[in-house]
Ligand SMILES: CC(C)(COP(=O)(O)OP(=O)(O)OC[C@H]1O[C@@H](n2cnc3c(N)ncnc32)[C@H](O)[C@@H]1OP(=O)(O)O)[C@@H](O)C(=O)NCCC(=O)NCCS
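Here we start with a single chain on its own, the form predicted alone, put down as structure tokens.
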């Protein structure tokens, strides 16, 4: 099984909504996603697609991200994408002034704990560089320790709380920030995480809890 990064497309939204329904107590509307996808100058959304076979490099003319270029050098399963493969997870980022604000990140339950979250984070960091963001920030539920651990791995630190931020249950949000993403320390951290993820994807078998979702057919 192979994972690879792609830009989110409008045709992906039925799958995105299914993943959101299994990940969040409330979901964005289709109109909200379409508005976000229509403004790439300040918002970017990526998906991780999954394939049972290594897709050929000629299947798509889509742009190749920095993560893809790095991993392709080492014969990684992360390769040039095709939009017809099913989605294992998705994530988004906004540019607000010079801050890259991570707005959402979700992984299908069948693909959790297999490196998909890390691949999404690296994809968002690539997009943050393309948007010329200077640092990254996000909010996360104070009870979501697994997500916080992932963000700490990528250099985020707790910087405060937003009281009763989540409307479904009134839970507080932890506000997390990175240092400058153009610093030598941050770039080195990202380089090492790319290498570690490459090794994990090369050596760890992918075990599915259920049959993968069917590819989306545009309506």
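Numbering follows the first chain given and starts at 1. Since the model is a prediction, treat every value here as computed from it, not as a measurement.
This protein has a second form, the form predicted in complex with the ligand, left out of what is shown; the following refers to that one.
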- Sort through 87, 136, 116, 122 and report the residue having a heavy atom within 4.5 Å of the ligand in the predicted bound form. 116
- Stretch in contact, per heavy atom within 4.5 angstroms of the ligand in the predicted bound form, of 31-39, 44-52, 181-189, 151-159: 151-159
- Quick one: does residue 112 come within 4.5 Å of the ligand in the predicted bound form, counting heavy atoms only? yes
- Item | Contact label in the predicted bound form: residue 144 to the ligand, heavy atom within 4.5 Å | yes
- If you check in the predicted bound form, is residue 128 within 4.5 Å of the ligand, heavy atoms only? no
- the ligand contact in the predicted bound form: residue 200, any heavy atom under 4.5 Å: yes
- Note on the structure: Restricting to 1-31, the residues within 4.5 Å of the ligand in the predicted bound form through any heavy atom are 23, 24
